[in-house]
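Consider the single chain below, provided in structure tokens and representing the form predicted on its own.
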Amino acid sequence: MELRRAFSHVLDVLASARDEAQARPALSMDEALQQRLANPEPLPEQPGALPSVLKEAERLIFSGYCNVSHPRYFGYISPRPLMAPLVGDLLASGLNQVPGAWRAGAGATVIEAETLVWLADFVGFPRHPGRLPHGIFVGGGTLANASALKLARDTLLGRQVQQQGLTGLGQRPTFYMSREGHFSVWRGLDLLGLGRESLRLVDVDATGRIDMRALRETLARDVAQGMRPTCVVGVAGSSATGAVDPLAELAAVAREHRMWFHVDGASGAVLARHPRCEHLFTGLDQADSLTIDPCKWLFLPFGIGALLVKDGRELFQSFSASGHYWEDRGEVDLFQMSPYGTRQWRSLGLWMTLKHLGRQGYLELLGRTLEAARHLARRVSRHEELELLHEPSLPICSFRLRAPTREVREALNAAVQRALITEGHSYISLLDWRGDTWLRVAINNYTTAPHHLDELIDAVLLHRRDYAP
């Protein structure tokens, strides 16, 4: 009975946080939290009643609360979660099924494999027939990218590297990505022992897409110096501006230099077949591997990422391992295809959501975020006091207040951003674009409507008058 009451109370808290999102600030950070971080409370010695434990947890959470359900939360790509994945997560955790081994959850394994197929179909990523799934679920885009880099290393440098390590290769492997690519790539290279300096960060054009001429020049220099070009990473939705690299051109360069072609589509790939922006993703189907984060524009809770590959046997070769205690029955054991052994089953929530919404339901939600970004861009373009950075291609739009000098402009935009956060009206982030400060708006809430963007513009202009020189 106590457990039922606790679950009921949690559901009430979630419902209130979602239905009454604007009753709380878009972002709140009680200064007392810094003190508790530095001086944690002692470990409790005696049992505590579950209701009182819940009450304290709520107090702490909401004293430093990133209110992603607020329709004017525009910070980072942090979604207002849909309800179906929350139900799926509860069911999966409560039953404690593991899709890592067939005998630890055959039903969970089938659902996970099916979800990977659906995810590939949703973004237009091809699959070859086979018994093994054509991908893996991991904890997020960082581990998905690291797994892809391991595939590139193992496949291009030779499978012996898995046994012997990087010693004796003869050539230094090099990797290529635009300067707008995610830090998880060089972190992954560090993790794999390849070194952060093996990554060549290539300049971008005015819109944030990789400069293909600069890439070719960098490749030519490396080849002339005896390097081994191993992988090129295409960015399909940069975190800063939502830029999508020319993927078809990158695929051609990868073929020319016999490199692995990985696409980091953690943010943007789910929009690859949306009618409004599918032209941006031409060439996605030519990738050897693709990262997707359902916990961004598929509106799932954090803690789930995916790596898709065209042939699951590649994953098996890179990750297969066992122990003397494990009885190998020739079953489909997904722990043989990923960095994990036992792990939480997070794909049930996505499976349930895809069943619940279908392709068209998801495209409708994505369309709302796209339209909201374009509405904001139109509003900015019509106002003489505002300047638009780029026309948004994905649901990210950056702009700034104009000012007579650069110094005044930088101070003004930073002050307005702080004021919006302090009063709890909106949360927008600051973007440093080529040395200038812009107000960055990422729309990751399917309930955000055009009037919420109008309210943002009104608030920005109001604070301009407060901080005008």
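One rule holds for the numbers: they count along the sequence shown, beginning at 1. All of these numbers come straight from a predicted model, not from anything done at the bench.
From this point on, the text means the form predicted in complex with a small molecule, which you will not see here.
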Inset, instruction - Check, residue by residue, if Gly105, Thr109 and Gln344 all come within 4.5 Å of the small molecule in the predicted complex, counting heavy atoms only. - result: no
Inset, instruction - Tell me, please, which stretch of 224 to 232, 87 to 95, 317 to 325, 180 to 188 lies within 4.5 angstroms of the small molecule in the predicted complex when heavy atoms are compared? - result: 180 to 188
Legend entry - Partner contact for Ser239 in the predicted complex: the small molecule, 4.5 angstroms, heavy atom: yes
Inset, instruction - Classify Gln336 as contacting or not contacting the small molecule in the predicted complex by the rule of any non-hydrogen atom within 4.5 angstroms, answering yes or no. - result: no
Legend entry - Proximity of Thr142 to the small molecule in the predicted complex, heavy atoms at 4.5 Å: yes
Legend entry - the small molecule contact in the predicted complex: Ser398, any heavy atom under 4.5 Å: no
Legend entry - Among the candidates Ala266, Leu348, Val309, Ala272, the residue which, in the predicted complex, approaches the small molecule to within 4.5 Å (heavy atoms): Ala266
